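Given next, in structure tokens, is a single chain: the form predicted alone.
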């Protein structure tokens, strides 16, 4: 069987808090392990030939979680900055943070911008990690529609895709944590994405587990509406 080309992957990182509970640890510890796992899996995906990976960090709905939990996540983003930029530099990959970033603390936005600037030299390398923070696909689509209205120009499917925060068609979406839904994740870009669901909580999802998802994808017969 001819292998499917896997370029663009979406990763819904679900189950950090529930993993911590199964380990008799505070929920916050789940997010600590989760961000370490995310960094490792981004590197693993690039090693396997993935060109773009979009990681669903925090949804717009997640922003209503307790302040202590959000503050912990923001602190983790600051703490892991050096390790993340070092890993991305080794992989010669750029990073783009997407979502309603204006709601984030100024120090977090500054750190994200610093990371993007440091990795901008790899923009043409063909490897990009998109990280959604305060991200919601419906909001992304509405913003793109309003941009088109303001421009006064008619849009095509391709021009509309290019106006989105994450302008790629996904080949595969992996969701951990046992849930079977998209949860407002890249609704336009996932039109023909293959959906892979794992019962493992995100902190315990390994590179080997990602390889299993990739192998499953390669064995799928992708018809795109055709016979």
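Positions refer to the first chain, counted from 1. Bear in mind the structure is a predicted one, so any value in this text is a computation, not a measurement.
Omitted from view is the form predicted together with farnesyl diphosphate, to which the following refers.
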**Report entry** Candidate site 13, 69 and 133: all three near farnesyl diphosphate in the predicted bound form by heavy atom within 4.5 Å
**Finding:** yes
Report task. May I ask you to check whether residue 62 falls inside a 4.5 Å heavy atom distance of farnesyl diphosphate in the predicted bound form? Result -> yes
Requested in this report: Indicate whether farnesyl diphosphate has at least one heavy atom within 4.5 Å of a heavy atom of residue 88 in the predicted bound form.
Outcome: no
Report task. Answer with yes or no whether residue 18 is in contact with farnesyl diphosphate in the predicted bound form, where contact means some heavy atom within 4.5 Å. Result -> yes
Query raised in the report: Heavy atoms within 4.5 Å of farnesyl diphosphate in the predicted bound form: does residue 27 have any?
Result: yes
Query raised in the report: When farnesyl diphosphate is placed as it is in the predicted bound form, which of 88-96, 69-77, 137-145, 113-121 ends up with heavy atoms within 4.5 Å of it?
Result: 69-77
Query raised in the report: Taking farnesyl diphosphate in the predicted bound form as the reference, which of 170, 50, 43, 35 has a non-hydrogen atom within 4.5 Å?
Result: 35
Query - Contacting member of 186, 54, 58, 174, with respect to farnesyl diphosphate in the predicted bound form [4.5 Å, heavy atom] - result: 58
